[in-house]
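One chain follows as structure tokens, the form predicted on its own.
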Amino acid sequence: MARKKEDLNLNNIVNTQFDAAARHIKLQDGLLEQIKACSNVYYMQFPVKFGKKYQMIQAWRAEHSHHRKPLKGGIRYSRMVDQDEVMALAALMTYKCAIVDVPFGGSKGGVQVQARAYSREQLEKITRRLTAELIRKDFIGPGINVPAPDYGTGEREMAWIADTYDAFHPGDLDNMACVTGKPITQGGIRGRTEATGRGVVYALRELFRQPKELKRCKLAGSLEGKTVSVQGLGNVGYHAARILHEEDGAKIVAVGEWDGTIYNPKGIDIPALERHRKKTGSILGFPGTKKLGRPGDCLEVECDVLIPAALENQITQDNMKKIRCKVVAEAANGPTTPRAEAELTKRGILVLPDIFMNSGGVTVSYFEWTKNLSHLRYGRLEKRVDQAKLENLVASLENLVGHKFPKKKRQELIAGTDERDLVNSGLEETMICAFQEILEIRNRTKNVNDMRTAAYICAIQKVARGYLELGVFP
């Protein structure tokens, strides 16, 4: 008998995951439908002139939930983007923000272009025209809807968006808060670039502080020496792999990209690999690594932790039985299908869900947004005071023991708290608290054995509270 074809529509998958969690919550059906529904979708089709020719560009901006203001969500540039995907990603943003207690509703944008197929000047034209379209329909603004980077976009595109918005609203003091993920010089915040990847690491560190959870997935100890395979060396995958490699002593044994997978059981030097890729345009041919047959082979490498950090629907019924890790840390949106997750859970593989693992970016975006509204850099007021106190403390210790600290160590000890320190501290606290809350919900909810359902329960309850506080439902 032929196997039933798996539904790979991300919007359907997100709704299925929502329904699985909603069964465990006592709320009015109407309220659940309100939380689940995507409120608005704006479809745009606009011409952009390249040389003497015009090209029609298709784009979408979805607003999922208005229980909090403003709405928040990235803009991705991809040939594969469509309305269903944008709606699904907007819903995921609502749930992510709720889980980490960031006071935003969920939104998402997509432009149907392949970024690397266009020149810098062409991308700038597309981005500025997109921003003008969003302004025209009130789908962008510091208190309305705040975009951020996503697949195919980065600081450069966010700077173009901010500049265009500023040109349309001359003299408004809070214009820079219309978008996050900007360059530091344009109102960005230190730590935003690596925030999503660092959030993945903080969540994994918290997992490794939970002996019972480690025992369930046949792990023990710390992240040091653990083997990791990463799919996608974009912004999220690169920083997650780099931090695990440099700060935690994990061994990155495999990296997969669109053009192939490289493997080295002794570990791959991630910063060196990134330098190699910038020089050659590919991860392939990196010294000391072996090329595996297919880009997706990184998913099937035997390892302790697998980090899918590319696109959705990467672990499906077609390869689920070939997955040989102990933990799947979903750094991408929707990388694991429901059927595949059921198989992995059955085999004792722990899946840490995207709506939690991928929330580091929006957490630090919240810090950037509040920084832009306050017009004050974090750490600016207290850094020198902190440094003076620490210097006095270190001097007292040196006098007490009759020994001077080495110069480098002394500088580390007396360094005051700066913006990056505060951002990382806030992000770490956020990820730890959210992990513990999800774990507690899973452990106390009857017939819930997976972290994803627990995460959705957490999100739905918080969004419901938001609607009830607005008086939308009695």
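Predicted model, so just to flag it, every value in this text is computed and none were measured. One-based numbering along the sequence shown.
The following text describes the form predicted together with ligand GLU, which does not appear among the structures shown.
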Q: Classify residue 149 as contacting or not contacting ligand GLU in the predicted bound form by the rule of any non-hydrogen atom within 4.5 angstroms, answering yes or no.
A: yes
*Is residue 182 close enough to ligand GLU in the predicted bound form to count, meaning some heavy atom within 4.5 Å?*
no
| Using 4.5 Å between non-hydrogen atoms, is residue 93 touching ligand GLU in the predicted bound form? | yes
- Consider residue 365 of the chain shown here, and say whether it contacts ligand GLU in the predicted bound form, taking contact as heavy atoms within 4.5 Å. yes
Residue within 4.5 Å of ligand GLU in the predicted bound form by heavy atom, from 237, 106, 353, 74, is 74
In this chain shown alone, the residue from 333, 372, 229, 314 with a heavy atom within 4.5 Å of ligand GLU in the predicted bound form is 333
Answer among 78-86, 121-129, 355-363, 399-407 for heavy atoms within 4.5 Å of ligand GLU in the predicted bound form: the stretch 355-363
In sequence order, the residues of 28-42 that place a heavy atom within 4.5 Å of ligand GLU in the predicted bound form are none
